[in-house]
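One chain comes next, on its own, written as structure tokens: the form predicted on its own.
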């Protein structure tokens, strides 16, 4: 198990967990559309870009293609 932080909330996940899967365990969406609706991953393979988050200060990272690492800080726009 490894510990990460999502929007300031500490979470423990199994090694090999994608960031997208970790985010979905604690909140329903990743960002908001221009009309305010929650958006989340659609394709799960990095093409739709709906899973973009900020990882350790790097914006627009695809969370469905990134494995969690110890101490990782994840920030969503939702």
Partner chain sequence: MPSTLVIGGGPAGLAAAWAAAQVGDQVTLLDDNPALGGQIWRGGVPAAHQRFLDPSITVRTGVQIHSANQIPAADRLILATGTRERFLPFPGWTLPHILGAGGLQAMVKSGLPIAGKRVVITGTGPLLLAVGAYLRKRGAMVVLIAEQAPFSRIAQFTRELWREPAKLFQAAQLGWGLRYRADAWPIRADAGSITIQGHGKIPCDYVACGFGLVVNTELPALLGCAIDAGQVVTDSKQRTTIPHIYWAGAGSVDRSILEGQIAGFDLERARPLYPARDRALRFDRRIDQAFRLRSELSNLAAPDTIVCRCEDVPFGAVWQQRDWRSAKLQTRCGMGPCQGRICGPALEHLCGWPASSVRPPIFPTRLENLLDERR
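Here the structure is a predicted model, which means the values were calculated and not measured. Residue numbers count along the first chain shown, from 1.
The form predicted together with its partner chain is left out here; the points below concern that form.
Shown here without its partner, the chain carries 1, 3 and 6, none of which come within 4.5 Å of its partner chain in the predicted bound form through any heavy atom.
Interface membership of residue 56, defined by any non-hydrogen atom within 4.5 Å of its partner chain in the predicted bound form, is ruled out. Though the partner is left out of this view, residue 25 does reach within 4.5 Å of its partner chain in the predicted bound form, counting heavy atoms only. A residue is said to contact a partner when one of its heavy atoms sits within 4.5 Å of a partner heavy atom; residue 69 fails this definition for its partner chain in the predicted bound form, lying far away. With a 4.5 Å cutoff on heavy atoms, residue 11 does not count as touching its partner chain in the predicted bound form; it lies far away.
Contacts with its partner chain in the predicted bound form, taken as any heavy atom within 4.5 Å, map within 1-23 to 16, 17, 18, 20, 21.
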